[in-house]
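Single chain ahead, written as structure tokens, the form predicted alone.
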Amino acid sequence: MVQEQLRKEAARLLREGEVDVFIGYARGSLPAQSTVVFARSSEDAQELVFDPTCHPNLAVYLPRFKKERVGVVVKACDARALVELIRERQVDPDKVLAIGVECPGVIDRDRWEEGMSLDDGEWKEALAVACEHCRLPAVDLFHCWLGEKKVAVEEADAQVSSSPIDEDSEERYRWFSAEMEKCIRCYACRQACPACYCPECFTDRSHPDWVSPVHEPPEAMLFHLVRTLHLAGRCTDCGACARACPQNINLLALHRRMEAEAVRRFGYLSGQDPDAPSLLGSFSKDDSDDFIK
């Protein structure tokens, strides 16, 4: 039902000229994976699909369309990312029509096993980790909503602190070192992340040369630590980075720990209100300072 409604509304938007391009999903060539499609006609809109194989966060593409009017289908996690992009002036809300869809969760391809079916519910055994505790968007920025609209989260709950990183510094370092041994510095996490939109990443700069091109764990550590700090108060827990990683690095643990700190120390939860000040772009005399030595 949602898929047919999506095709119908996207086709109407394109046919009537309300948008120049509609970003959505089409059936992919690999099992348990859809592909991204940029529909530019009502006929193209008939290719659109929506099911648990639609795991890419489509908000990552929006900053590329500066002049065109764009329609996009958004899951809850995509909507949270869209909030942050609007807040950071990377997306003009007047040029984006977001169609919100009821999302049952998406598949983690590494958890998918041959023989699983989308029809009988077996796919839920392959549910992506980020979907196990989905945090819904708290503001209504949608052109329309398809399916059941669930109640939005109004304040942080226990899910933001779900991280395997132990408080003990030695244990934490051992865990982090083991994860970084896996990293091949392909930067798939960066490319999949809607918040990584810098024209030139710090890793690609030669003056100054922040990260050596040498493939060594310390260089991988530096990349992931700096990226995690760059995402402080901005990561929306969509899990796109972890799903894109070919080495199965537990990137969610890093970002959820930072998210938990933002909530615990400042009561700040990202992806909720595009008009609210950003965590690092605002100051209050009541902000906690007990971490300052």
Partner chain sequence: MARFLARSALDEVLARLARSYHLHWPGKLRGKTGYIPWQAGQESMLDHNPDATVKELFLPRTEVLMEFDDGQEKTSRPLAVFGVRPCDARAVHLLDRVFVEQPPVDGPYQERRQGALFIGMACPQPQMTCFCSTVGGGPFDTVGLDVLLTPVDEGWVAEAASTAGEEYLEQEAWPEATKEQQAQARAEKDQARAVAEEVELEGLAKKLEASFEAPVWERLHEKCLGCAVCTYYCPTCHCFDVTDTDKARLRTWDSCMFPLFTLHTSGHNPRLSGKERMRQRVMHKFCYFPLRLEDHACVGCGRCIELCPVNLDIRQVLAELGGCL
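Positions refer to the first chain, counted from 1. Quick caveat: nothing in here was measured; it's all calculated off a predicted structure.
The same protein also exists as the form predicted together with the partner chain; that form is not shown, yet it is the one meant from here on.
Among heavy atoms of H55, some come within 4.5 Å of the partner chain in the model of the complex. Although the partner is absent from this view, R174 stays clear of the partner chain in the model of the complex, with no non-hydrogen atom inside 4.5 angstroms. Within 4.5 Å of some heavy atom of the partner chain in the model of the complex lies at least one heavy atom of T35. At a distance threshold of 4.5 angstroms between non-hydrogen atoms, A98 is out of contact with the partner chain in the model of the complex. Only one segment in the set 208-216, 71-79, 121-129, 87-95 has any non-hydrogen atom within 4.5 angstroms of the partner chain in the model of the complex, and it is 208-216.
Proximity to the partner chain in the model of the complex, defined as a heavy atom within 4.5 Å, singles out one entry of E170, E181, E113, D140, which is E181. Among the residues A45, A242, A262, V60, the one placing a heavy atom within 4.5 Å of the partner chain in the model of the complex is V60. Contact annotation for 243-275: residues with any non-hydrogen atom within 4.5 angstroms of the partner chain in the model of the complex are A244, P246, Q247, N248, listed in sequence order.
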